[in-house]
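First, one chain by itself: the form predicted on its own, in structure tokens.
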């Protein structure tokens, strides 16, 4: 199962002309990735004029409508990670929160999922320091229980985003509490500051914390993206590539999403594995392709 993460929410919009901004560009990148071999496309949205990350429902609606109207089939995976952004004021005066803070309710964070009804949506399974000095990605146990329960109610498959081993620990707790249903789908996120580093010992610790019967995929940021295609296959998992995680195809060569997918397909097949299509993904994960609800 090959997932392409087509744009993300990082500040990469001015670092490459291939980072899609508008719904039309994001959908086109997703469709091209599907044609190149991605069975799943993982989508964020951005403000078309600035490229800044957004969680506006209208933008998600346009992206998903365009992808669903395309001639190529693909499994739709939307982020639910936006709305948990806490920017503190600094060590001397952390409160009140600084500009860039966006703390939304569980209902608001899930509204685009309720309206668009993708087959998969992400559940970032923990709070962590995330790159910048005073930024915290906030996902409290209560928030995760509310969002996970809503995903299950909607019939949308949660993809547990695990940035460290403790996130997998809490995912198991969500199952024990009856919030999430087994078997679960997990994305192992390697090399994201300041989560799990992308060395192989840590990666194997993450893999060994995925319960038997669950399905996992893995990726690493930047120049290790393609190495982790091979590592994920060797570990018995699935793979993710895309501009969200890496802008480069090679030294001095900025990549498109389709080029990253093509490179990953070549690695998977050279290792003797097989890249499966969207229908087989749906069968394996118990997914149902549905139309969106009325706005």
Partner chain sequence: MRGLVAAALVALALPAAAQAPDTGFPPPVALSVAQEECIAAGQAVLAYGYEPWQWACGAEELARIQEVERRIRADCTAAGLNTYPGGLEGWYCAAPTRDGGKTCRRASDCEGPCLATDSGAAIGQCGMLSAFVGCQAILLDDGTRAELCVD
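Bear in mind the structure is a predicted one, so any value in this text is a computation, not a measurement. Positions refer to the first chain, counted from 1.
This protein has a second form, the form predicted together with its partner chain, left out of what is shown; the following refers to that one.
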Proximity of residue 91 to its partner chain in the predicted bound form, heavy atoms at 4.5 Å: no
Contact label in the predicted bound form: residue 100 to its partner chain, heavy atom within 4.5 Å: no
Its partner chain contact at residue 142 in the predicted bound form, heavy atom, 4.5 Å: yes
Its partner chain contact at residue 129 in the predicted bound form, heavy atom, 4.5 Å: no
Contact stretch among 108-116, 175-183, 191-199, 121-129 - heavy atom within 4.5 Å of its partner chain in the predicted bound form: 175-183
The unique member of 82, 138, 149, 87 whose heavy atoms fall within 4.5 Å of its partner chain in the predicted bound form: 149
Sequence-ordered list of residues in 154-171 near its partner chain in the predicted bound form, where near means a heavy atom within 4.5 Å: 165, 169
